[in-house]
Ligand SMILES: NC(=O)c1ccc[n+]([C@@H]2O[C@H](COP(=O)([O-])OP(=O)(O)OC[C@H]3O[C@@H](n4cnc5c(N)ncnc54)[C@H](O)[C@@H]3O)[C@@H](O)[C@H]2O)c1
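First, one chain by itself in structure tokens, the form predicted alone.
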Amino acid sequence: MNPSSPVVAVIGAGSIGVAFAIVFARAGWTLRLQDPDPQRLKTALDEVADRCADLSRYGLLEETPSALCARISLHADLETAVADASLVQECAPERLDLKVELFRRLDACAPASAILASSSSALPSSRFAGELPGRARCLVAHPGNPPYLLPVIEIVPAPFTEPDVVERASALYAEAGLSPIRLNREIEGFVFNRLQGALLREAYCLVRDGISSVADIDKVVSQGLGLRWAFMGPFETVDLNTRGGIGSHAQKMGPAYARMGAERGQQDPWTAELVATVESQRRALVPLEDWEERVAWRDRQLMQAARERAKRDRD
């Protein structure tokens, strides 16, 4: 192992703590997993070993599970866990009172240079770190679950977070094999859960209104929307669905989506200015003259996925 590799403290040995332990240990880093419950720590290490065995079976580890687990030390004591850490990843339950107290302790005992990152799913760091002397090094780093399989991680600075901390955190997560995205400002739920929540709210409404069943709604996503979303996002999806790109899509479908939103009490029209902003960003990524080629790429991705599904069904 590289002697200059970072030391990371993961605080909380629940499911997200276990998942982050795998991410950082797989990167070759020294990982200290902390939890006040000794039994939870022992169980957590067993969970890491089991998940690493699965990763190895699928060819997703470059070393043995035992070599990865050897980088992980278990700690009941918070102060010991964070000593010399470059990054502290808090993975405690989503309770404001708990995070306030935990970040107070972390700010007091972690090295002054350490980044204090929360895995919070919805709470912004200004709500639990705003009064700390070291608040400038605090931010949210919200992962997909589990992060050793879903690489996206949301970097959410508070108004008081130093820009250098954001840069260092983004670099560390990228070095660990994650795919950081940055939010320009705090918002409850961030991007991941707001997008997920929007779909989930509509799904609940469709069940409530007797439009469709739980199983059939899941099928629409798993055998339709989700197959495209596995390799491209919602903007690229509609950009490639409509000749002329996303501007044409907004012109043709915008009124219908506005009516659907209004039906749910949501008044967020796609204004001409907003559509122009989105279209400009899409065209910077894929010029309209390359649209046909990108559509063909999409179809090949779907063909590859279909081939893999057929192979799994045969096996």
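The first residue of the sequence shown is number 1, and the count goes up from there. The structure displayed is predicted, hence computed values, not measured ones.
Heads up, the form predicted together with this ligand isn't pictured, but that's what we're talking about next.
Trainee: Check whether residue 13 has any heavy atom within 4.5 Å of a heavy atom of this ligand in the model of the complex, and answer yes or no.
Mentor: Contact check for residue 13: yes, within 4.5 Å of this ligand in the model of the complex.
Trainee: Though only this chain appears here, would residue 114 touch this ligand in the model of the complex if you measure heavy atom gaps against 4.5 Å?
Mentor: Although this ligand is absent here, residue 114 would stay clear of it in the model of the complex, with no heavy atoms inside 4.5 Å.
Trainee: At 4.5 Å between heavy atoms, is residue 142 in contact with this ligand in the model of the complex?
Mentor: Residue 142: contacts this ligand in the model of the complex.
Trainee: So, in the model of the complex, is residue 121 in contact with this ligand at a 4.5 angstroms heavy atom limit?
Mentor: Residue 121: yes, in contact with this ligand in the model of the complex.
Trainee: Counting any heavy atom within 4.5 Å as contact, can you tell me which stretch out of 27-35, 65-73, 284-292, 263-271 lines this ligand in the model of the complex?
Mentor: That would be stretch 27-35.
Trainee: Could you check which residue among 225, 98, 152, 171 gets a heavy atom within 4.5 Å of this ligand in the model of the complex?
Mentor: Looking at the other structure, the residue within range turns out to be 98.
Trainee: Exactly one of 238, 92, 165, 132 has a non-hydrogen atom within 4.5 Å of this ligand in the model of the complex; which residue is it?
Mentor: Looking at 238, 92, 165, 132 one by one, just 92 meets the 4.5 Å heavy-atom criterion.
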